[in-house]
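As a starting point, one isolated chain is supplied in structure tokens, in the form predicted alone.
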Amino acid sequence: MTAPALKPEEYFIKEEPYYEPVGDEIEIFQAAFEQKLPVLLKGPTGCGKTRFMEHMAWRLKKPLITVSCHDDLTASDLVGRFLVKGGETIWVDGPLTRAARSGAICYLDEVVEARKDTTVVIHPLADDRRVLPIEKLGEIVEAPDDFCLAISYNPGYQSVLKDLKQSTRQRFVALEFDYPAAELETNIVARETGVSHEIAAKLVKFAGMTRNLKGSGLEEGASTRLLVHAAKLIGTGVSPVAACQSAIAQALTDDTEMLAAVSELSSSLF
């Protein structure tokens, strides 16, 4: 017995997500979608990859099924499994299967966090076959034309153990993301939070200082996401220095010396 399929309508983005393009990423994604090509988004954490996917799902009027990948993610988590319910055994589709059956966009966020034996299951969907074999059911799901597979990862976290295999990455059209230019990032922070343009500009300048410390004490600099968090705190009346300390510095590092250095940077601006 198979559990009833979830309605794709549940995954529609009903309101336009705010997104400022930094290049031709919208046009390339739309062309890839029309040509039934899977898409790989690569860029640092918090730079707008997930927001971009939400925006494209809204723009294309397609349901978006997002999976946050992690170390314990198994192939069954993506494809589906048998469960016992009410005394009988039923099959429950996983998110990848639901997307492939219904013609939705399936977005695997931070795909390198998943085990390598798990990501292999996407290979038949990511080439010209566009099928998903379900061995436990003896079934092959053929993805409709409007199905789209997208994955993302942060190249800055690559290591021998966590890397995207060539057999996977060469199936995808790649879009590279980075933090926006200072003026655009300032507009994004101000638009997302309602703080003044002056405050937003100082936060962006502070972010630039922390990004210059990447590899010199910090694994990553402040992301646009963290700037939005700090700006929201400032908007409620929290002092800019305290907001930067809580929303940015503490989020970036636990090292006492680096915390002091980052806090000093924010104090020099505010």
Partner chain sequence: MARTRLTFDKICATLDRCLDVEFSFLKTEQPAAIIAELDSDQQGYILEWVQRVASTNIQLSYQFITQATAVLDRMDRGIIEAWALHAMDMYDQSGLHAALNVIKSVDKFVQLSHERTAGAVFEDNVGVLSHFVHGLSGRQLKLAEADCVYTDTETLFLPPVIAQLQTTQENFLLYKIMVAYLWAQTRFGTFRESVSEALQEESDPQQFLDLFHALDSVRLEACIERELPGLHRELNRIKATLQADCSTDPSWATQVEELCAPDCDVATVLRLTRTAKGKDSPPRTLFYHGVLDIEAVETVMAQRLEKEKAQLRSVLRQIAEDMQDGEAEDSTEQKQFEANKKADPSQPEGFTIELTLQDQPVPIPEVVNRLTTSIVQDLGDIPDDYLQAAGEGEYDPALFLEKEVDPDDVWKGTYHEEGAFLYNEWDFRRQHYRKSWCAVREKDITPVHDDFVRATLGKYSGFIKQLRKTFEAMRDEDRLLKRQVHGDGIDIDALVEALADARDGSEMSDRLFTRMHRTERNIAVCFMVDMSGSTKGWINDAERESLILLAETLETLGDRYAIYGFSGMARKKCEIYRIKEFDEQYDSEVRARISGITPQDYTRMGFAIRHLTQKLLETEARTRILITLSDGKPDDYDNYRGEYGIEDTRRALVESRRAGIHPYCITIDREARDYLPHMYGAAGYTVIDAVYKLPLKVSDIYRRLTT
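Numbering follows the first chain given and starts at 1. Values in this document were obtained by computation on a predicted structure and should not be read as measured data.
Although not depicted, the form predicted in complex with its partner chain is the subject of the following passage.
Annotated contact segment (heavy atom within 4.5 Å of its partner chain in the predicted bound form): 210-218, selected among 224-232, 210-218, 33-41, 49-57.
In summary, among the residues His123, Lys116, His197, Arg129, the only one with a non-hydrogen atom within 4.5 Å of its partner chain in the predicted bound form is Lys116. Mapping the unseen interface onto this chain, Val84 counts among the residues with a heavy atom inside 4.5 Å of its partner chain in the predicted bound form. Of the heavy atoms in Ala261, some are within 4.5 Å of its partner chain in the predicted bound form. When contacts are judged by a 4.5 Å heavy atom cut-off, His70 does not count as touching its partner chain in the predicted bound form. Of the heavy atoms in Thr89, some are within 4.5 Å of its partner chain in the predicted bound form. Contacts between 175-207 and its partner chain, taken as any heavy atom within 4.5 Å in the predicted bound form, involve Lys202, Lys205.
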